[in-house]
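Below: one protein chain in two forms, given as structure tokens, structure 1 then structure 2.
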Structure 1
Amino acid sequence: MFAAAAQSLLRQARDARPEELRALGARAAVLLQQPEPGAEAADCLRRILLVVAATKRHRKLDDKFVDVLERALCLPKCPPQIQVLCAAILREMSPSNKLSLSCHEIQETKLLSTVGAILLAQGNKKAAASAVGQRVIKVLEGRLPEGQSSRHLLPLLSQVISVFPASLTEDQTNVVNKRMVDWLRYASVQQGVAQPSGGFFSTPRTRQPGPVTEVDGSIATDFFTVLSLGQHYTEDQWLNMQAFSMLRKWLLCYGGEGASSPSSDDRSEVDGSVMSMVSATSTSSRLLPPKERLREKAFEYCQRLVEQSNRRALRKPDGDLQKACLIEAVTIMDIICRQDSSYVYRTLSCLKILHGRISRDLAYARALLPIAQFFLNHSETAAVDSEAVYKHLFTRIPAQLFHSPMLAFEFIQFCRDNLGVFTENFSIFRQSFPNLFKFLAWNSPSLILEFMDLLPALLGPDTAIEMLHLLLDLPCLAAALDVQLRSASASASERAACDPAAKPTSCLEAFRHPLYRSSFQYLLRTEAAPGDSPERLAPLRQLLGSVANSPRVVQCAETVPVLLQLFFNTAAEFADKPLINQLVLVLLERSDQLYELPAFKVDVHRVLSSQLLLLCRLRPSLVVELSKELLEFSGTVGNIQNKEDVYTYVVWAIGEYMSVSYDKRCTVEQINRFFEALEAMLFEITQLRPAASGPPSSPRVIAVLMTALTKLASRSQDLIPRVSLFLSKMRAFVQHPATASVYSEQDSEEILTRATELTNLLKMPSVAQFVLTPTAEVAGAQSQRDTHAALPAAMKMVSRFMERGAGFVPG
């Protein structure tokens, strides 16, 4: 389709040689110097623009051509199309130091806007911003010539302060402050007249245009705002719209830092001819200095918008604009209050009413965020309790609007921006993590990065266990949300069809079925419920397995491993002894109970096993304290097949940490019991049966079991003969045809080498104990890494030593 056409053009443009570009430029230069450059010139310029824009590399244009472009651009009679193209080429080759453009002399506002954009794209941004800013203010200050419009200047001014906020002097800002007041507050309330179409026969309008209306069609009751409608708009109404659009940025840049000094020529207008409802309540602002006066007028404007947003819009786009205006108005009021706290009380009462009005209307949910932000910023100043606002926000909104991607993003950003306040002062934030996780479960790709920041703040000793369960159930939550959403949109007849006696046949039915209702409710809870038992989700997990392949569930599942890792890393920072033990127990228990999604299980097992080691290293004693559970886990053959990763790491941990050097409470009986369990397992998986059940275990499990047994034997030396005997049988095992057919030569060799090394080591029990059991100091913390790296080296050395010894003493 068009993509192919565009691609081939782009390729041509990218491959264009410098001389081709030069030729194009030369031709364009000739065409541009003709009195009326037309379609041909435009075509030529378009091609040049494409060649310049299509590549990342810098395209060199002839200095002379650049000069022609600059001159053509500034010609009063330059056709608009040519002007746009010249400007685009000059901007596209920016930043550049070849331009000689300047805005000093420009009187025409449209041209100033075009040239300003080019200058702001140049390298010297500070100088450019001041120069353009100065020129814009100068033109705004003066009287515009006939046919010129300030409409082109306001957005340019806005770009100037964005590119370089500190580019205006105080006098200049005061000029704008005063003009802003005029634009915002005193725009005409009569509709504009239609521009004559220019046709020869167009009849002059006789009828006077009526007053502007509100969004619901009624006659405007107060001053003009962006929510005032008219068939046509006058110049000052356009400026009103533009001024409000840039108001927030302006106030942020120039509204703060103390009072501005009123200049001597400070003219103050009499309030407009319209009877103003809002301004009737305001203080007489006539005597205020410009900055304060703008603040006052901006505040009135926002109040009026809040009031106007209550009207029912006749057109949908206006309804959307009402919401956007509400968000902007509340944000601006917040800024004003931050700059002058005397506005706080007025705003507070206004926003309380507003909150009461919109909190029940989900369509306005996004506007609740700036309101909550306002309360967060100012409720302390005003000494009001705003708990109800947050409570409503955190409990109702995520549960009902988790499926709105825009709201989800804004909500989570809001949380992220206020993390410090939330974690310190508001229990409701942490308590709501099950609700917040709904956003994540539903919108995982766009929110995973946000939750990397959010999760540590939500996690605490009180929420850790419950959160771990919920993280592991995240794909399940995504599936349940899907069911919930479908159920909500299901027709009444579908809902009624549910028969409580029969077993539900689909997830949708189960959602309303008494058998599953409480599990669904638990999974979809809005607040943390630490007392509740997550075990009861097992049947639900099974039920929801039928939607495991839905892309949303799969996407959600893919975020879990990362978050799990983050979870454990964060929890390790504050977890105490009981919590760590509890985490290990949950980890072992849940490794079995995971949502049926094979790739998810593999990933989660991988993370769980590595995190198990992290916890063991943090508290080696847990191996002794949880010996009952670990014994049970390591003694179950099924665990090798279902979750080899976790099993391997559990065995490694037992071998490593089941030692008196880590915990004085470790007894020989315990060691023996573990030895027997692991021995039985190794026996089981290396048993050579003609019809072996299932595929043989991986060489890794065998290697780890052998090593763990040797380690345990080195600490309870009566066991040494047993393990030596076992190790000696490994050759027969790997050479057996049934094994050899599955293991590669390398695998077999590795098992044998390990067996030989371990056997050799055990021939010198005291050395074995030294090599295989790190001393308590070594176990300290930092040097852990080294001992692991050193272990195989030590084993090899001992092994070589033994072999050499055997050579000297035959027999």
Structure 2
Amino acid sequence: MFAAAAQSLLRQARDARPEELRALGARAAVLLQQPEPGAEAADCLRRILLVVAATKRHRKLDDKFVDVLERALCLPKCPPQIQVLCAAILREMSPSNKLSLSCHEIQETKLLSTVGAILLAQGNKKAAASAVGQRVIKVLEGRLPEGQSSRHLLPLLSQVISVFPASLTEDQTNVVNKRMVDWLRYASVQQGVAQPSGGFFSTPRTRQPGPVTEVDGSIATDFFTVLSLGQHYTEDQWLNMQAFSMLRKWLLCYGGEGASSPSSDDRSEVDGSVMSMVSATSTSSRLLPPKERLREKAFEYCQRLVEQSNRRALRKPDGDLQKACLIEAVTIMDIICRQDSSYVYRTLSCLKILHGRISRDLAYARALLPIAQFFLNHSETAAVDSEAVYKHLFTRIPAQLFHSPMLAFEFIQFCRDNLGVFTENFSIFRQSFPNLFKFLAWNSPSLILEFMDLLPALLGPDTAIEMLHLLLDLPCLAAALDVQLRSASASASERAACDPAAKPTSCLEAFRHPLYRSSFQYLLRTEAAPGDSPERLAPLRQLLGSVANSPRVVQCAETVPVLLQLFFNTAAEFADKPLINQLVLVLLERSDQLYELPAFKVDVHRVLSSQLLLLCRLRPSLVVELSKELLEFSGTVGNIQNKEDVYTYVVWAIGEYMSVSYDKRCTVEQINRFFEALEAMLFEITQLRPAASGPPSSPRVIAVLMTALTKLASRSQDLIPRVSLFLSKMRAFVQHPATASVYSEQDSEEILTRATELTNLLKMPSVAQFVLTPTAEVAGAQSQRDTHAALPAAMKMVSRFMERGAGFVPG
């Protein structure tokens, strides 16, 4: 009911006419000019805001009304509710040339935050960000009046540096650096006092506030951080939390220049370690410049957070906050080390201990990513072998937490950000591709773009064949992951009910059954296993067909054609002759070994057929080298019925490339064997049986078979009479009642036209050989490219020439 009411309101707002909006504005302007605008003014402003915000069209407001909104916004005694509504309307109409707002004279921090946000929403971001930034720094630099708070300015400052970081000068950044040091390091460790709520009994007996506590309930003995807990917080404690929330952005914007000391590159590793300890113990941080002092205090703050993350939280929300703060702390420490290498050795020992503590706890899995990022960035500087960190990350985490959407996205993003390092230096990255594909199988729609970047880096000569099998089995993997999750959550009694001697009746029973255990283990493997045989998955595909209609499996299947296209395009860049031959064999083999999803099979066959064409063009001699396999494939009637697209392209490739022009090893015996096989297939699908309901094959297959036979006959001219005789019978075939009832008139005409063209061409064998098997120079011309089953343009010209005489049309 609520949703229906909301939709009705939105519809009314979108349908509001300009004159209605002007009337509302005039009414609101009158109400806002009263000494104390109340509930009626607020209601009127809400309606205007809804009309302005409910549509993407720019709603025009009266200039006088805009002036009234600006004046009301800046009135000292304007009610907060009215102020918020005025600001929201002004932001919604941005960018606008009607605004005359300025922040130069504003002293009140809350109003400055509101006006600054409106100015930043205007089109001229550079000028607005510069003006707002200057004013914020000016206010922070001075002493705030009683009752004013810097808390309102930090979100605005964060927005300024996001829009235009160069808006602040070095002196201004130093002002903020000094403030942030105080906010981060010197906040009170006593809890705040509860604010009175008003009323007769609103002033309780004065009681001294207690100290803040840690997440485990113990009293905090060190400085305040975002993980220090209290029932109420003081002003400087709120600033401490806000400063930490924008610390990463601030360091990235203003912490990098001049970060390393001048002689840092000349020190040895041992000297660097010693200097870092001296810096930590004997050097007063107050003697450091503001930027370096902030870096030092930020590092201490993050170290304290790492220590606090070791405490056991009493409440779940505090535990979640612990994990989030740990991720942020490690990320900031990594940034500090990139800006000043003297911190690397202090951080290294801290993160080694941290990794050892949390690596076995899956609840902290997301925190392992910034730790791994630190080792990627600094292990060479610190001369540390960190391969064990990456091995644990790539083998355990995807296998056990593939179902976590946030972790999946962050993990794949981590891989994308470090593709160059991983592909050049760490073999575990490519070896773990079966594990990484679990993220894709479970989260297909949201990760497809990321995997478009990832797949080329994972693909290589050593992984190509196994990856092709895995891509074709990706929906099967999604189904297996679903079964794995359900099995893990099954009760003990359900697990005990599995009888190893009985045949499993469901996927869950099969998952625990010894007969299928090795198949599931292979499909759910964590690393590449090139020696294993994918044929073992055939019974598993059949078994997992019961979950084929699961939305997750269907979505996963829809991503496979796109990834297959990318796979073959990438493989074509590095594949050598043996690999191309292997790919073609896998293509033929797997074309009838796919997961039972009809739409999936159609899409995959379409991609496989087009990629077969690509591989044949890359290496035409594969038709001769794989003649045994191609002969077996093209001579099977079932392949026409079940995978017409693939069969059509195989026949086309045979007709096009089974020629001495492409491979000197091609013999007349091979041509004759292919001719006999294709002739038998064409006879099988065009013979007219009395009981037949019609030909089972499409006109396209018939046309391709006729063309391939003609091409082969032109290269072994003893075959010309046989193919000519066959082509002469096509008119009887298309005119037969059984054929006419299945094929349209246009289809029949196309078959007959093709037969006529081919027959006419074969009457001049030397011309037929030139047209059907052109030299490399002729075949390379744009006008002669035989893309699918169509013949070169020269054939049509010869056919027209032959038709000028009589008796050349087959009857």
Partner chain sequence: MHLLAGASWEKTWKLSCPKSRTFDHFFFFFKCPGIFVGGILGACQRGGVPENLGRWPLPSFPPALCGPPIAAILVSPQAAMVHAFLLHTLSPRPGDAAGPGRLLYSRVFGSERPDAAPEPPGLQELERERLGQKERMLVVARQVDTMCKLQQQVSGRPAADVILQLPDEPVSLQDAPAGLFRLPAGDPFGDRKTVLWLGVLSLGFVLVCDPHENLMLAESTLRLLARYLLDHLRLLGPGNDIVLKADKTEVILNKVLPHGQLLFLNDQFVQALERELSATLPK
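Only the largest set of C-alpha atoms that superpose within 1.5 Å between the two forms is called the rigid core. Each residue is numbered by where it sits in the sequence of structure 1, with counting from 1. Nothing here was measured: the structure is a model prediction, and the numbers come from that model.
Enquirer: Structure 1 or 2, which would you say is the form predicted alone?
Expert: Answer is structure 2, the other one does not fit.
Enquirer: Once the core is aligned, please say if the CA of residue 54 is shifted by at least 2 angstroms between the two structures.
Expert: Where the cores coincide, residue 54 still shows a C-alpha shift between the two structures that is 2 Å or more.
Enquirer: After a core superposition, would you say residue 63 shifts its C-alpha by at least 2 Å between the two structures?
Expert: It does, since the residue 63 C-alpha is displaced 2 Å or more between the two structures after the core fit.
Enquirer: How much does the C-alpha of residue 15 shift between the two structures, in angstrom, given a rigid core superposition?
Expert: C-alpha displacement of residue 15 between the two structures: 3.7 Å.
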